[in-house]
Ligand SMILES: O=C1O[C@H](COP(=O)(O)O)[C@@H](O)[C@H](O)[C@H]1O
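Okay, so here's just one chain, in C-alpha cells, the form predicted alone.
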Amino acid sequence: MSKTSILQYLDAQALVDAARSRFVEVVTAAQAERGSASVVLTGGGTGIALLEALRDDSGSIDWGKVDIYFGDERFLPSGDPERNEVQASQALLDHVDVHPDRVFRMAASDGPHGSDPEVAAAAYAQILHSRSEGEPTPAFDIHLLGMGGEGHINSLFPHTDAVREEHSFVVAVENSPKPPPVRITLTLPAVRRAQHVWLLVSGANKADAVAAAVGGADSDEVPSAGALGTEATVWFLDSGAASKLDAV
C-alpha cells in the first residue's frame, strides 16, 4: 500500500538538500537491484534547483544507467530557454555522463513531428510504451513534481480536460492558463505509474493548495491531490508551503 509522507524544512535550500540525498538513495538502490533506474524530471524553480544540486553530487550516481523522462514540456521551438529540457540540460544533463539515447525529450514545435502538439504527444506516448515491456509507461522510480499556487502539476491545471484524462498517458494542452498556452504533458494515470512521486513545493503562496491536496481535495479542483506513487508519495515542503497544514 502506498504511503504518503509530509516532510517540512526551514527553507527551500534545506528542502532541496534533503531531496537530493533521497534521490541519490533511491536511484542507486534501483541500479543495484536492476542495473538501471528511470526518473521523470520537472521544471520550476525548486525542481531546477534540485537538478543543480544533483550536478554537485553527480559522482554518487551512474548517470549512464539512468533513463530520463520529462513530466511536461512547453511546445516551443528547439533551444527555447523556456523549455524544461533546455533548463534541465543547463542545470544537470550537460554536466553528467548521461547516455544521449536514454534522455527522452518531448518534441519541440519545430521538431520532426511538425507543429501539431497532438502528434507530438502521441509520439511521446509511443516512446513510453516502447520502453515499458508491454505496459503503457515505464514504472518510473521517481517522478519529480513542482506545484503551482492553484495546485497544478506538470501541465495539468484545475478544471481542464487534461487533468480529467483517465486513459491516455500523454496529452496535448492547447489552452494552458499559464503561458505558453500549448504544451505536452504526462497525465495523472502516468504519474501514478511511478513508484515514488515527490512534490517539491516552496513558498507561502502555495500553502492553501498544499493543505487542500494533503487534505484530500478532488484532483479536478487541486490537481496535485491526484499525484500518488505506487510505493510512496512524498511532499517536500519549506516552512511557507507547510504553513496552512495545521488547518487540515
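Note that residue numbering begins at 1 and tracks the sequence as displayed. Since the model is a prediction, treat every value here as computed from it, not as a measurement.
As for the form predicted in complex with this ligand, it is not shown, yet the points below apply to it.
Listed residues Lys178, Arg164, His99, Arg131 were compared with this ligand in the predicted bound form; Lys178 is the one with a heavy atom within 4.5 Å.
Only one listed stretch (118-126, 72-80, 99-107, 165-173) carries heavy atoms within 4.5 Å of this ligand in the predicted bound form, and that stretch is 72-80. Of the heavy atoms in Gly111, none are within 4.5 Å of this ligand in the predicted bound form.
A residue is said to contact a partner when one of its heavy atoms sits within 4.5 Å of a partner heavy atom; Gly45 meets this definition for this ligand in the predicted bound form. Although the partner is absent here, Pro158 lies well away from this ligand in the predicted bound form, with no heavy atom inside 4.5 Å. Although the partner is absent from this view, Gly148 contacts this ligand in the predicted bound form, with a non-hydrogen atom inside 4.5 angstroms. Along 78-117, a single residue, Asn84, places a heavy atom within 4.5 Å of this ligand in the predicted bound form.
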